[in-house]
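In structure tokens, the next block holds one chain alone, the form predicted on its own.
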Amino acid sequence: MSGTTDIPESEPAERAERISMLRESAGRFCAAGEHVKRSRKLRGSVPGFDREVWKQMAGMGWTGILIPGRFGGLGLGSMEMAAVAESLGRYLLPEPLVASTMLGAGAILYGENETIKKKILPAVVSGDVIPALAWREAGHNGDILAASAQAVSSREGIRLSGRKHLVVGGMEADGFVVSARNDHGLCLYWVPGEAATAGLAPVELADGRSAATLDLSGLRVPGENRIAGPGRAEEALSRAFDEALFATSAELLGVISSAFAITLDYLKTRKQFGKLIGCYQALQHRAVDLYAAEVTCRCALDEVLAEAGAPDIRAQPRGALASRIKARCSRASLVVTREAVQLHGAIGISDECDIGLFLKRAITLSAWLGGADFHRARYAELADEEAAHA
């Protein structure tokens, strides 16, 4: 979001040029790495991504896109991040860029602990520290504020208890931002990776990447590791959540774009009974529907990012915009990738065919941070709140 920047907002033409350059450089980097093959090879492994590739991404500046210049980052906005995230989806990179730099680092950035910011954020920018946000608990769906984990103060510091699920990037994280409640409300705490090792267990996602379950039982952290207290913690989580939704929607758009391109190429080259299957009008109509879904999502994302980039935007409209685009892209990605598999015929359901990898990534990303139904309901709730205060 533009509110993360240290410098005045650029002129529209200058920003458009910067976004175009980011998109082109991200596309070149991802296309050159054969990341679809790499993603296939890493399925089911722990941690499920390559730390060396992460360092290369940091060298490209991606890990610091939203982090302000005073911490070594670029201090840009969600439009710039979306340009990179689209390539992540287009080429199926397994690295948890959004989860780490937008949720984990974002919660730290928008918190109130300046000491932790100065210690952790520059290391995130350089690629030396991968933070993970441990927020999700059993039965809490996509509500990032619905924590039941407990934080109890004692002479030895803060004692944490509870269990966090589906911590994306957690098996290779150098530290965790943990949401937990004390007697006064929701708080955020920084837990170093070495302290959390005993409570980590791997979980395989639908696309073969690894997440983690984090058992907080017996964990103690010093009081100075509190990132944000009641009130500020909700604000930090909500803002990081919304910005991650924008980027995840862009990533889903990348998945949609590649799935359509692969399918269109298949229709143009596959022959049955001596004829290209793309000659059949029924299949042409189905391909047009996929193209329409891609274009609609792209236009909606551009519109949402433009509105969300307003420097004076408030929490409710920002959240409504984030849920609006996540709901649209989640649904469209599932429709497009499932249809793409069907248009490939029998080979589409074989493990050797890449189109199935895009379907599995769509299934994972569409559910992550809340699916379409959750975000439709959240959009309606936030829109009603905004109308009531108008």
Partner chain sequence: MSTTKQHREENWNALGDDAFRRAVRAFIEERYPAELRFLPFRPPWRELKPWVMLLVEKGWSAPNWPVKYGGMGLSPGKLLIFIDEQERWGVARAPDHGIVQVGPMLIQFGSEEQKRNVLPGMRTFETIWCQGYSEPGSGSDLASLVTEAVADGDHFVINGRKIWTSFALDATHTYLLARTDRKAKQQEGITFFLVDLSLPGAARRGIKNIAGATEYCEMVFDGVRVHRSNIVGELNKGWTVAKSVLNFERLNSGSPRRAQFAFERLRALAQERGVLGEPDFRKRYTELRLDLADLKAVYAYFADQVKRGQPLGADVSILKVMSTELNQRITEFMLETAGDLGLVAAGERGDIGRVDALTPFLDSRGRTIGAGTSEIHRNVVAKRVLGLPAA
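What you see is a predicted model, and the numbers here were worked out from it, not measured in a lab. Numbering follows the first chain given and starts at 1.
The following text describes the form predicted together with its partner chain, which does not appear among the structures shown.
Enquirer: Exactly one of A138, A198, A306, C279 has a non-hydrogen atom within 4.5 Å of its partner chain in the predicted bound form; which residue is it?
Expert: Contact with its partner chain in the predicted bound form is made by C279 alone.
Enquirer: So which of Q284, S154, Q272, S217 reaches within 4.5 angstroms of its partner chain in the predicted bound form, heavy atom to heavy atom?
Expert: Checking each option against its partner chain in the predicted bound form, the one that comes within 4.5 Å is Q284.
Enquirer: For the chain shown here without its partner, which stretch in 156 to 164, 256 to 264, 242 to 250, 180 to 188 has non-hydrogen atoms within 4.5 angstroms of its partner chain in the predicted bound form?
Expert: It is 256 to 264 that comes within 4.5 Å of the partner.
Enquirer: Under a 4.5 Å heavy atom criterion, is T296 part of the interface with its partner chain in the predicted bound form?
Expert: Yes - in the predicted bound form, heavy atoms of T296 and its partner chain come within 4.5 Å of each other.
Enquirer: Applying a 4.5 Å heavy atom distance criterion, does L145 contact its partner chain in the predicted bound form?
Expert: No, no contact at 4.5 Å.
Enquirer: Should W368 be counted as a contact of its partner chain in the predicted bound form, where contact means heavy atoms within 4.5 Å?
Expert: So W368 does not count as contacting its partner chain.
Enquirer: Does any part of A16 reach within 4.5 Å of its partner chain in the predicted bound form? Heavy atoms only, please.
Expert: Looking in the predicted bound form, residue contacts with its partner chain do not include A16, since no heavy atom lies within 4.5 Å.
Enquirer: If you look in the predicted bound form, which residues in 374 to 389 sit within 4.5 Å of its partner chain (heavy atoms)?
Expert: The stretch touches the partner through R376, Y379, A380, E381, A383, D384.
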